[in-house]
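One chain comes next, on its own, written out as structure tokens in the form predicted alone.
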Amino acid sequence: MSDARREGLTVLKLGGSVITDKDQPYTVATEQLEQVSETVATHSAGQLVIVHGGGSFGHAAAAAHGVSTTEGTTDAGAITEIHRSMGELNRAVVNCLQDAGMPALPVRPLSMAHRTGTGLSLARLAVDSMLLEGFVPVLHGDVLMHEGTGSTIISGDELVVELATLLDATRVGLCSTVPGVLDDDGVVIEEIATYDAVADVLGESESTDVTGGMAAKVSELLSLSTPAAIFDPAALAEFLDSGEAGTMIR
């Protein structure tokens, strides 16, 4: 697809903690998901790719089988259970976006991604084709084949970085339950340029999270050449309108 077609491409991640109750396994936060979907439908412009986290679906299933981004499994039943749980959540997200008027379609990473000793590989054809036809691809954290390990987890944050790079995104946003990266006093850090500058304030997620919490988000986003924002649902419209909100990472 030409650079002209890429102008205005946004990669937006909806955090699992935003769209599910992370303390109640396999529970969709229905009201908030509906609100977020309405905001996206009202404020999005240009091409859009959405990625959502696992929340109380994928993280619960992965933790039950001891699978993470680094710890794998060769148990087909475990892989299927994790993948199926994410499929249930993806269905809820896609349905809600469609109800809000978005031409959303599901994309399942298990069938299009794998990890080798040299890194992550993502087949982009399905996403490219959907964008070309005017649809909104909706991907999610998932299991994927991992060379020599069986299957591990690909996090939503990894997908965001990979997609933003492959598709030459102009805007990247992560919608979380916090208004940005917070300092020791609970104040939003407006801009982050290096991981070392904020390493002392980055803690682990309080709920079950097999992908590293806020520390992993910041680390992944710092690898991008595209500016990225971390914000909460209250600032989602601001991000979609301006490309900036919460904490900017650049």
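From 1 onward, residues are counted along the sequence shown. Please read these numbers as outputs of a predicted model, since none were measured by experiment.
Note that the form predicted in complex with another copy of the chain isn't included here; everything after this is about it.
Chemist: Can any non-hydrogen atom of Ala76 be found within 4.5 angstroms of another copy of the chain in the model of the complex?
Modeler: Output for Ala76 is yes: heavy atoms within 4.5 Å of another copy of the chain.
Chemist: Looking in the model of the complex, any heavy atom of Ile154 within 4.5 Å of another copy of the chain?
Modeler: Looking in the model of the complex, residue contacts with another copy of the chain do not include Ile154, since no heavy atom lies within 4.5 Å.
Chemist: Is Ala104 close to another copy of the chain in the model of the complex, meaning a heavy atom pair under 4.5 Å apart or at it?
Modeler: Flag for Ala104 set to yes.
Chemist: Report yes if any heavy atom of Val94 sits within 4.5 Å of a heavy atom of another copy of the chain in the model of the complex; otherwise report no.
Modeler: Looking in the model of the complex, residue contacts with another copy of the chain include Val94, since a heavy atom lies within 4.5 Å.
Chemist: If you check Glu147, Asp99, Glu71, Asp168 against another copy of the chain in the model of the complex, which one has a heavy atom within 4.5 Å?
Modeler: Looking at Glu147, Asp99, Glu71, Asp168 one by one, just Glu147 meets the 4.5 Å heavy-atom criterion.
Chemist: In the model of the complex, does each residue in the set Ala123, Ala126 and Met130 place a non-hydrogen atom within 4.5 angstroms of another copy of the chain?
Modeler: All of them do, each having a heavy atom within 4.5 Å of the partner.
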